[in-house]
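One chain comes next, on its own, written as structure tokens: the form predicted alone.
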Amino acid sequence: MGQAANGFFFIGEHLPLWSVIPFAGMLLSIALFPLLAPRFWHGHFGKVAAFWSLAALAPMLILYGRAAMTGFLSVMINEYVPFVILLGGLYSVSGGILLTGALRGTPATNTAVLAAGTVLASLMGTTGAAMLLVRPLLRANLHRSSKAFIIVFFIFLVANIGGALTPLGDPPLFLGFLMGVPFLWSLHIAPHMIFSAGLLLAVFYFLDRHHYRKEGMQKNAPAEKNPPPFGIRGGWNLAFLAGITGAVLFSGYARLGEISFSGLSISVQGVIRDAAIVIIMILSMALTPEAIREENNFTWFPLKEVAILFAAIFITMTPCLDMLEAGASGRLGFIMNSLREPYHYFWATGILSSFLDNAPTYAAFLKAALGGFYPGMSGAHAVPMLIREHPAWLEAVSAGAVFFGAFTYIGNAPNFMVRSISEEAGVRMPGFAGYVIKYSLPVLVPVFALVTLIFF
């Protein structure tokens, strides 16, 4: 997005503030339509997404012509398509893994599942861990009357904060790896992650215990007769998950050149990665018995919803990100000019990552930090120097991008998918605004404030 090579980066220096209106409209549509007109939204969200996409594309094409078209195509080909392929691969493969057994949603069990998912997220990615565990968690809590908060904390921990320890965990860290940050450097924010996750798990346990006791009769419901033994059906899909992880890791280390056409460039290793994931996805669908997916309540709707909505989000947020990448020269230069201390970077990166794609937001603020300390120096030389001389700034950008992805449903891709799967399972999830007001502001903001005081 906004690559200097295709000219669209420089457009960011001239874009007017009104170019963010379609993105704001898309966010408001996601927030308000499900609450005010749920039937209309369920049947026509694709049309709403198309409307705001055209509202963003048309004026940019009129004003900037081919440069704008090249920029948008670069975003969709190099970022959106790999995003959907990776998401689709993880979603379809994890949907073929059925965890069996008499798992019952007590506070201790739920906390253990969230803790396990938090650890797994850095090993197999937030999307992989979330897709693997959300359905067993939902089945374990079928008898519970209050369970939306369980899924919200699952989003906080498994779909976001748990992915902070490796580049495989969350897209911003993988992008940092591609920009020259060493693979294991993310362990520097392990204390930040352990503190945040530990505090959230403690809050969750006591909140869940409160609801569990309040439910009364549900707590004392008889246990299932002759429960199935603990086990895994469709276990070969774990090998497919490892294959997807390997494909992603390969694309980070390999340097096989680029394919260029019409002003666009696509990395060869990226094409190989995406092709491998598609092949793995096809094999998983062909080899997994339909009965396993049926018991998992697997449908394609959550993936379809995310693919359509995020296509519009990627398109409409492009002007916002290009203005950020333009730095002090863009209309959002006041944000970049206000950055002085690590905690500024933590909160600025985080807040914008809550509403924009957190990977390019991470890149924009990392570039801002590099430009502030080492103006004119190439990233290959500046990144090692930043790590050696000013590591707190990179820690702030990394933690902000990953942690704040939990702040809204669109902060990170698995958030929306977990919400959609949960609603299909009958859980009444809070709307966009309800999620932020009821959970993110009172729970996450105090935790992140403590992270700021302790670490930044």
Partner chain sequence: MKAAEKKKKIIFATKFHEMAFNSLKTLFPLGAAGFGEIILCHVIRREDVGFVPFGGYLREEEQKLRNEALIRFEDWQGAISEAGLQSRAVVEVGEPVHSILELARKERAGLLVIGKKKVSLMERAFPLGSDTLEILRRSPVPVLVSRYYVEYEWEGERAVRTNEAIFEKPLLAADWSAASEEALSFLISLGAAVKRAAVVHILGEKEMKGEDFALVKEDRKIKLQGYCERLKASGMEAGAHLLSGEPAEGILEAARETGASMIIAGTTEKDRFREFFLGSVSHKITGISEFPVLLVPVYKGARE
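Residue numbers count along the first chain shown, from 1. By rigid core we mean the largest C-alpha set that fits within 1.5 Å across both forms. Predicted, not measured: the structure shown is a model, and the values here were computed from it.
There is another form of this protein, the form predicted in complex with its partner chain, and it is not shown here; the text below is about that form.
Discussion item. Within 4.5 Å, heavy atoms only: does V84 come near its partner chain in the predicted complex?
Written reply: So V84 does not count as contacting its partner chain.
Fill in: its partner chain contact at D357 in the predicted complex, heavy atom, 4.5 Å
Yes, D357 lies within 4.5 Å of its partner chain in the predicted complex.
Discussion item. How about M60 - does it come within 4.5 Å of its partner chain in the predicted complex, if we only consider non-hydrogen atoms?
Written reply: Contact check for M60: no, nothing within 4.5 Å of its partner chain in the predicted complex.
Worksheet item: With the cut-off set at 4.5 Å between non-hydrogen atoms, does L309 touch its partner chain in the predicted complex?
Response: Answer yes; at least one heavy atom of L309 falls within 4.5 Å of its partner chain in the predicted complex.
Worksheet item: F301, F373, F250, F195: which sits within 4.5 Å of its partner chain in the predicted complex by any heavy atom?
Response: Contact residue from the list: F301.
Item to complete: Please determine, with the chain shown alone, which of 61-69, 384-392, 48-56, 35-43 has non-hydrogen atoms within 4.5 Å of its partner chain in the predicted complex.
Response: Selected stretch: 35-43.
Worksheet item: Which residues from 414-437 come close to its partner chain in the predicted complex, meaning a heavy atom within 4.5 Å?
Response: F416, M417, R419, S420, I421, E423, E424, G426 sit within 4.5 Å of the partner.
Fill in: Rigid core fit then G431 CA moved by 2 Å or more between this form and the one not shown
G431 C-alpha, core-superposed: shift of less than 2 Å.
Worksheet item: Is Y91 one of the residues whose C-alpha moves 2 Å or more between this form and the one not shown after the core fit?
Response: Yes, Y91 moves 2 Å or more.
Item to complete: Superpose the two forms on their rigid core, then report whether the C-alpha of L339 is displaced by 2 angstroms or more between this form and the one not shown.
Response: No; that C-alpha moves by less than 2 Å between this form and the one not shown.
Practice prompt. Since the C-alpha distance between V306 and P430 changes by 3 Å or more in the predicted complex, give its direction relative to the shown form: closer or farther.
Written response: Between the C-alphas of P430 and V306, the gap widens in the predicted complex (3 Å or more compared with this form).
Worksheet item: Against the shown form, C-alpha atoms of A311 and P430 in the predicted complex: closer or farther, for a change of 3 Å or more?
Response: Those two alpha carbons end up farther apart in the predicted complex.
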